[in-house]
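In structure tokens, the next block holds one chain alone, the form predicted on its own.
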């Protein structure tokens, strides 16, 4: 298995302090370990709802809590880890072949995702059993 949840990690984004308000910027390759091809965000997630519930074959992502908070559960088929995101200057890097679920959204939360590729349905594992078969064949 080339990727595991140990490959996933928190990335501190640059934060420029200013009394008028702080500024954080994001650039491909610095400190993001991939070129950004797509950006999307989740918002107005109802209380108790879950998002994610899939893995990607080749896609790299950085997940950021732009507002509010939520949890990301990572699963590499062997180990699981729950990570709480609640700062807009921290991002969670998720490598390919990691099952992810997002839950515990606070009211008004916004989840922004930076992705290494444009949307491609063929890149998804949406069935956990299929994901597990692919993980153990690698």
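Residue numbers count along the first chain shown, from 1. Computed from a prediction, not measured in an experiment: that's the story for all the values here.
Below, we refer to the form predicted in complex with thymidine-5'-diphosphate (TYD), which is not included among the displayed structures.
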Could you tell me which one of 96, 77, 52, 68 places a heavy atom within 4.5 Å of thymidine-5'-diphosphate (TYD) in the predicted complex? 52
Considering thymidine-5'-diphosphate (TYD) in the predicted complex, which of 92, 32, 42, 73 comes within 4.5 Å of it through any heavy atom? 42
Mark residue 119 yes when one of its heavy atoms lies within 4.5 Å of a heavy atom of thymidine-5'-diphosphate (TYD) in the predicted complex, and no otherwise. yes
Given that the partner is absent here, does residue 126 sit within 4.5 Å of thymidine-5'-diphosphate (TYD) in the predicted complex, heavy atoms only? yes
Spell out, yes or no, whether the shortest heavy atom distance between residue 84 and thymidine-5'-diphosphate (TYD) in the predicted complex is within 4.5 Å. no
In the predicted complex, does residue 57 come within 4.5 Å of thymidine-5'-diphosphate (TYD), counting heavy atoms only? no
